[in-house]
Ligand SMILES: Cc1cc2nc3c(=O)[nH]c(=O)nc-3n(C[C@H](O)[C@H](O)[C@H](O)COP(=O)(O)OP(=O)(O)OC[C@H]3O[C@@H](n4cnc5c(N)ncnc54)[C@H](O)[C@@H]3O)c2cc1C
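Just one chain follows, in the form predicted alone, and it is written as structure tokens.
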């Protein structure tokens, strides 16, 4: 019998385990794999400001510092953006996850490895059925926290999964000719419909990946490496290492709590709408969840009526990010490749570029989205009146 059982030993689950164990709770982290940090499909880019806010000091898991980005439109020249300072870090995700797990274990959390959650029932206690090396057993806890990713079994079992809308991703590590301090983003429906492709320096190698809302992500990645006029020249597609696949949930597509249950991280759809990044937001929401969980357990009431404070705290901190980001993403989905190229060229005009660099925040996008939205008519004017009205309407939809 545990106070809290956390399903999923990724960074968000481990961080929650650490915070709860530090508060004196009896915590179990249930992880289906044999090793923390594997497998993973993640570009591994985290903002320096977000880590500082969370009290996480950079360690040996830092592979690169990023000072800028280069955006490649479907046609035309790339747009380079930089303020000349370190904005983000490229990390070794496996090492990062293991450090968080070690910190949780030192704080008193217990790890149940090679243990796959197969069922959950909620009553006076939460009963979690776990399969370990072919054997089934039952674990009881006062509260369960689902940190089990975008296809969360916890979310499905308790009815919190409102939509299965996902962005499918594939990524490989490879040798590439890329600047060590610049992340590259590639846009266009041919290679990454509904999302983007990326090439990110990661130590001696690079991570090259694709996200898509249509078709096979692995097929899109192979096409990118084989046919893209820039990527095919930069990346040695014949020597791929560590090929992985994964998915990114969409924000606001699932609930965050139910009687005796809380969701955090990808399981709760806690990601940046435009980039899919979930490390900072997920860790931040784990802190919010831990605060509410401790209060509920101390009161002896883990009903939805009490746990609803958690979703209120998340929306209070990130609601604007989710709402504005999703509006911008819906606009992005509507843009043709021609219009997307025109918009990226508009970002190079001095006043728009100055606004972008002044307002940009790697971990919080709402501020820059709002600033650019005020310039929407001037940004979109070159697209023609009919398309201007059509695209602007997507930014106004909720």
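Residue numbers count along the first chain shown, from 1. Remember, it's a predicted structure, so these values are computed and weren't measured experimentally.
Below, we turn to the form predicted together with this ligand, even though it does not appear here.
When you look in the model of the complex, the only residue of 250, 228, 220, 93 with a non-hydrogen atom within 4.5 Å of this ligand is 93. Interface residue among 206, 285, 271, 101, judged by heavy atoms within 4.5 Å of this ligand in the model of the complex: 271. Of the candidate stretches 29 to 37, 326 to 334, 54 to 62, 339 to 347, only 29 to 37 contains residues with a heavy atom within 4.5 Å of this ligand in the model of the complex. If you check this ligand in the model of the complex, you find no heavy atom from any of 145, 216 and 257 within 4.5 Å.
In the model of the complex, none of the heavy atoms of residue 5 sits within 4.5 Å of a heavy atom of this ligand.
Residue contact check for residue 198: one or more of its heavy atoms lie within 4.5 Å of this ligand in the model of the complex. Contact check for residue 117: a heavy atom falls within 4.5 Å of this ligand in the model of the complex. A residue is said to contact a partner when one of its heavy atoms sits within 4.5 Å of a partner heavy atom; residue 41 meets this definition for this ligand in the model of the complex. Using a 4.5 Å cut-off on any heavy atom, the residues of 141 to 159 that reach this ligand in the model of the complex are, in sequence order, 147, 148, 149, 150, 153.
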